[in-house]
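What follows is a single chain, given as structure tokens, in the form predicted on its own.
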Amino acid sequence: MTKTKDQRADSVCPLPLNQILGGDCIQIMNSLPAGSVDLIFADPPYNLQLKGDLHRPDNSRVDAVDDHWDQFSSFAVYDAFTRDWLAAARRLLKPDGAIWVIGSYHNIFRVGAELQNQGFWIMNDVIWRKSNPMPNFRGKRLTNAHETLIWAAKSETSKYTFNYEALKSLNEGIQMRSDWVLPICNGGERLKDAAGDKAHPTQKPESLLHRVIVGTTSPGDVVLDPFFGTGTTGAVAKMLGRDYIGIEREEAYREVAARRLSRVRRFDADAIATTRAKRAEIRIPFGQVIERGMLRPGEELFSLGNRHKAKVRADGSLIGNDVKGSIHQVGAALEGAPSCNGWTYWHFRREGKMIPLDILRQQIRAEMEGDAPRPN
């Protein structure tokens, strides 16, 4: 089949990994190879429609977002801009890619509708509840204490990345919810320009990007941010062993981001590894432990506290108190329970220590994946 001109360009144009590209994000995204990016994190202009300055009760001026890049002449103009950049983003995503878009009440509903219009498949909307929001100084509305993120796959059939167990670990073993309580960017994390003012009015905290990238990408993935600003997405991606592509049209922001990224160091491979879902782990039959000689037929296994014991048989089954069966069946029968995870229930003795049987399963898995731990 003869390739079109665009297809030929896509096949030879390399990805500008770990670079900040200057210019219009729509034009640049359309120049990159189609189907080449794993995740897009987008923090587009919010179109705040501010009318005049905002002042505190003491009449001091609030440093609000009044930059030219956030100003659009009408909703129609903003909607056209949203349509074009989302189309360019969708073209860039791999078939199993996904996108995160963050916004406020000014724009997020319009963005969400356009995501659905273009065939993206929304998985969650996430409420980022700010633990330290800016007060409403005029006292005429509720304090704006949150922003909304939309997480969407490229299509309904996309096999998107979701590291459920990793997010659960971040949340002290509890399933991660769709309301995230995190502080806004302040203190030492807030970047300043040469005059000591905020380098960017809407710099996002690294904690927010850490959660997004750990939860929905894998090491080595390519993360693109079409509204790069001062480079929070790139900084967190680099630390976590992902490649990034940043697009930013404002030179002042690019300079700040470049300095920031030059100081970032990538964590080592062990540090960026995340907890995997049980269903994603390699299944190891207990019989392999016997075949490999890690345990010998006739050795005894013990429950915690030595309340029960069973003997290992050559075929990978156990026998204990005249009960025969798998490590799970025998454990359940001895405990009078409907089920039992034999890997965590049974222990074996080495040099006077009781060692969980599961350490042997972990060792086999690690050997299959190329990095084997050893029991102490």
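Just so we're on the same page, rigid core means the largest C-alpha set that superposes within 1.5 Å between forms. Heads up: residue numbers just count along the shown sequence, starting at 1. Worth saying up front: this structure is predicted, and the values here are computed from it rather than measured.
As for the form predicted together with the DNA, it is not shown, yet the points below apply to it.
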Heavy atoms, 4.5 Å, the DNA in the predicted complex: which of 168-176, 262-270, 242-250, 79-87 makes the cut? Say which one. 168-176
Under a 4.5 Å heavy atom criterion, is N30 part of the interface with the DNA in the predicted complex? no
Please tell me whether any heavy atom belonging to N341 falls inside 4.5 Å of a heavy atom of the DNA, as the geometry stands in the predicted complex. yes
Spell out, yes or no, whether the shortest heavy atom distance between W121 and the DNA in the predicted complex is within 4.5 Å. yes
Does H347 reach the DNA in the predicted complex, with heavy atoms at most 4.5 Å apart? no
Contact check for I284, S326 and Q329 against the DNA in the predicted complex, heavy atom at 4.5 Å: yes
Counting any non-hydrogen atom inside 4.5 Å, which residue from T275, N306, Q116, Q288 sits next to the DNA in the predicted complex? Q116
Relative to the DNA in the predicted complex, which residues of 147-163 have a heavy atom no more than 4.5 Å away? K159
W346 C-alpha moves between the shown form and the other one by 2 Å or more, core aligned: yes
Examine D358 after superposing the rigid core and state whether its CA is displaced by 2 Å or more between the shown form and the other one. yes
Inspect the rigid-core superposition and answer whether the C-alpha of I28 shifts by 2 angstroms or more between the shown form and the other one. no
